[in-house]
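Just one chain is shown here, as structure tokens, and it is the form predicted on its own.
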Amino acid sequence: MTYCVGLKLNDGLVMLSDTRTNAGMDNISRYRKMFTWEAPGDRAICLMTAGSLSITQGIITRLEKAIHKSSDEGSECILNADSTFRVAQLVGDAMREMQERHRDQLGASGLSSDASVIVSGQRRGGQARLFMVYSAGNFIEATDDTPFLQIGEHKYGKPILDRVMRPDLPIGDALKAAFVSMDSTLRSNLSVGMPLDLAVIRAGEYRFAVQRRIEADDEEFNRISSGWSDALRGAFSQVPEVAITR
């Protein structure tokens, strides 16, 4: 399984994903779930994937082929689409193509073709936007009321986001929220695991301000993890006692 989270802020976008793929208790592998493309000064695009690995890898391959084709023929691709909304549509089209090609065969073998993709980015002249593409190829967009999207094992990391996420949160605080959300998931679900991939796009910069891999010994992530655990224990000790009655 996996866990990916994207945060949409007035100041930009924060994306964080794990790398664990679980095909059974004795078949655990690492696969990158975050994919990025950048044309500095024009656009930065980030995709995060969850679900059937064969489906999501096929989607990325189709997008890459379209990019190479566009350089020769001038055809449309995610690096020349006229909006980030159109990028989400192109990802949805690739999702539908993969589902139509493989859903029946996978289903006949008792395998799921379910997949989802978080699409985020900004192009010059447009706003930073965040979408989630479903298996059917349709998608939704993050809003001021719900400025984050999650795919994969999302339930463990959602409570902190529900409590603290808002569009006017500074990027530094949003990074803390993303780290705590991921740390909560890592602690509660063995199908999500290190290393992690982090990307940040600052609004109006049209490039990645941060792109890095977070390993298990990362000091910054571990400092946030330890600080959150200490804060929770301290808060728990301050909760009023429950009266024990017969």
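Start at 1 with the first residue shown and count on from there. Treat the numbers as computed from the prediction; the structure is a model and nothing was measured.
The form predicted in complex with another copy of the chain is left out here; the points below concern that form.
The three marked residues, 212, 229 and 242, each reach another copy of the chain in the predicted complex, with a heavy atom inside 4.5 Å. Although the partner is absent from this view, residue 168 stays clear of another copy of the chain in the predicted complex, with no non-hydrogen atom inside 4.5 angstroms. In the predicted complex, another copy of the chain sits beyond 4.5 Å of every heavy atom of residue 206. For the chain shown alone, residue 184 is a contact residue for another copy of the chain in the predicted complex, at least one non-hydrogen atom being within 4.5 angstroms. Remark: residue 155 counts among the residues lining another copy of the chain in the predicted complex, judged by a heavy atom distance of 4.5 Å or less. Stretch 217-225 is the answer when you ask which of 217-225, 46-54, 29-37, 59-67 has residues with heavy atoms within 4.5 Å of another copy of the chain in the predicted complex. Contact with another copy of the chain in the predicted complex, judged by any heavy atom within 4.5 Å, is made by just one of 162, 144, 104, 82: 162. This chain appears without its partner; in the predicted complex, the one residue of 93, 76, 114, 173 with a heavy atom within 4.5 Å of another copy of the chain is 173.
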